[in-house]
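Below you'll find only one chain, the form predicted alone, shown as structure tokens.
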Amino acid sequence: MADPIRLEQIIFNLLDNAIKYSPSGGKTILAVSSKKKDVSIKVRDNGKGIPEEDLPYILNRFYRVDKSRTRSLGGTGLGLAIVKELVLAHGGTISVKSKEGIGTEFELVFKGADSIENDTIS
């Protein structure tokens, strides 16, 4: 029971960031798994990583890790805040792990439905 357009927006934003902040030829991995009724989506890259002191703030509106970046590359600082709000609106959680020089991993966890609903046409 999710909005497919918003889920696409979430995944697109995370993949776009992973590619943007990874070196040429870098690796980005999208992994989906389920445990009991929960669905986990992970987006992991081997990019430059996020400094530890910035991690608590990266999901805040207008927060940018590299303040000196131009808007053409660095964006407005809204992308991850929008991702966070969309994940929360779907009843999910978002977490991030990162090490400078190694990469970043975002994990989204969504609660599964109690029962599967079939779409039927009467």
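Numbering starts at 1 and follows the sequence shown. All values reported here derive from a predicted model rather than from experimental measurement.
As for the form predicted together with a small molecule, it is not shown, yet the points below apply to it.
Not displayed here, the small molecule is kept clear of residue 111 by more than 4.5 Å at the level of heavy atoms in the predicted bound form. With a 4.5 Å cutoff on heavy atoms, residue 87 does not count as touching the small molecule in the predicted bound form; it lies far away.
Contact check for residue 50: a heavy atom falls within 4.5 Å of the small molecule in the predicted bound form. In the predicted bound form, the small molecule stays beyond 4.5 Å of every heavy atom belonging to residue 30.
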